[in-house]
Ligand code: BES
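Let's start with one chain on its own, the form predicted alone, as structure tokens.
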């Protein structure tokens, strides 16, 4: 037994030596224009001392190379963990390098404790690691193994590569990588390609939301946000963009919205986007409302300076709203959606609202503003009331509304307040598919009582017990301006940014839960077809 093992070890060492030599030669080469790489998937072994299990694409190339891939992985793939990656050189003909990524255990599916499809999350994370590693070694043309689910693979690929660096020197920006789905090993490749495209479109919608959230507030004022949306939806026949100015906002008696905007020299805007597919079977449209505070200082109740720069993303609800509509349109989803976005800044100044001020909202209720940093609910109050004019079957709003939801849930899930259990169950199903989860929070009358006790007005913009249940009292406040029986409020402040919690998102603004909202609206449309 000793001699065969020594021969095997010598052969593996020779392979590795050749790869190192190839790698050094490749690094020294400056004449290549197109560097091709491929991401291949493997599963963890069933038992500790067994070899990695090759998925279909990896097995295909292993056979094509006379077992070379499998042989090399016996050494290079040792101790490869879920989500991990190994770069191999000069292995598969036609590719300069191969990223072998581990997609966990074979047969992994819905995890009841985690409330998501763990198998799909494993694919997203592993593929993201693969494409990032290939970019880091200079590949700019990468084919990706669908790893059993082309949509999840595409999402992991495009989400994993995205970074907002367009304001940096060109030499410091991440290099552009062309991505495509590997189908050489598959029959029926056109259907797989279609599913891949769906994942790409969903990732594109989230990446646009991420870009908007990352943009500095001087580069994305309310007016510039409007212009960005107009450019994005230009020549999209199923989308209509209507921009309302301050005069129109005044004519609609949106005094809560105007109160927040009055401290800034930037004019407020109210953005209305309609997406209507000609084959939509929806009896009535869905309304999506997004909080659009393009920068939040807190106003007179000013925030601490540390971390205030992140408040450029306080329009995360608006960003995820337009990202969702963008994906639905490009997916050609047979649905009917209206999006409503109040846009302004919350600034201190001589004209800014002050603690104790009282304003009258569009629905006639008076609001005592005891904390000017609880401004998101003020602009949403008027927007929620206005969106009922289209008689929607359902209203969904998204807002980076409270720090309290971050304390409660962290970045694990967005908080969801739903008046309908059926709607909540559909939302939960959507989140379990996308991996971008939601968690149901209470809409008890207990919290309503805390915002309807006010010294000077009908409601108060902060709860009677200050910090206690802050996200719940904020939702209770919004509920005072909604009459629709089917309403969902998503508090997304906790999922606004990503450090390292979601492995296929880089550090920065997350664009969550764009893909979940897209999936939810599609499920809703299918239920009515």
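Residue numbers count along the first chain shown, from 1. Bear in mind that the values here come from a model prediction, so they are computed numbers and not experimental data.
Just so you know, the form predicted together with the named molecule exists too; it's not on screen, but the next bit is about it.
In the model of the complex, the residue from 454, 250, 371, 230 that sits within 4.5 Å of the named molecule by heavy atoms: Checked against the cut-off, the match is 371.
Partner-contacting position among 436, 314, 382, 345 - heavy atom within 4.5 Å of the named molecule in the model of the complex: Contact with the named molecule in the model of the complex is made by 314 alone.
Candidate stretches 318-326, 288-296, 150-158, 425-433, one within 4.5 Å of the named molecule in the model of the complex by heavy atom: Result for this chain: 288-296.
Touches the named molecule in the model of the complex: residue 377 (any heavy atom, 4.5 Å): Taking the distances in the model of the complex, the answer for residue 377 is yes, it comes within 4.5 Å of the named molecule.
4.5 Å heavy atom contact, residue 201 to the named molecule in the model of the complex: Heavy-atom contact with the named molecule at 4.5 Å: absent for residue 201.
Heavy atom of residue 404 within 4.5 Å of the named molecule in the model of the complex: Yes, contact at 4.5 Å.
Exercise: residue 365 in contact with the named molecule in the model of the complex, heavy atom 4.5 Å: Taking the distances in the model of the complex, the answer for residue 365 is no, it never comes within 4.5 Å of the named molecule.
Heavy atom within 4.5 Å of the named molecule in the model of the complex - qualifying residues of 481-508: Contacts from 481-508: 493, 496.
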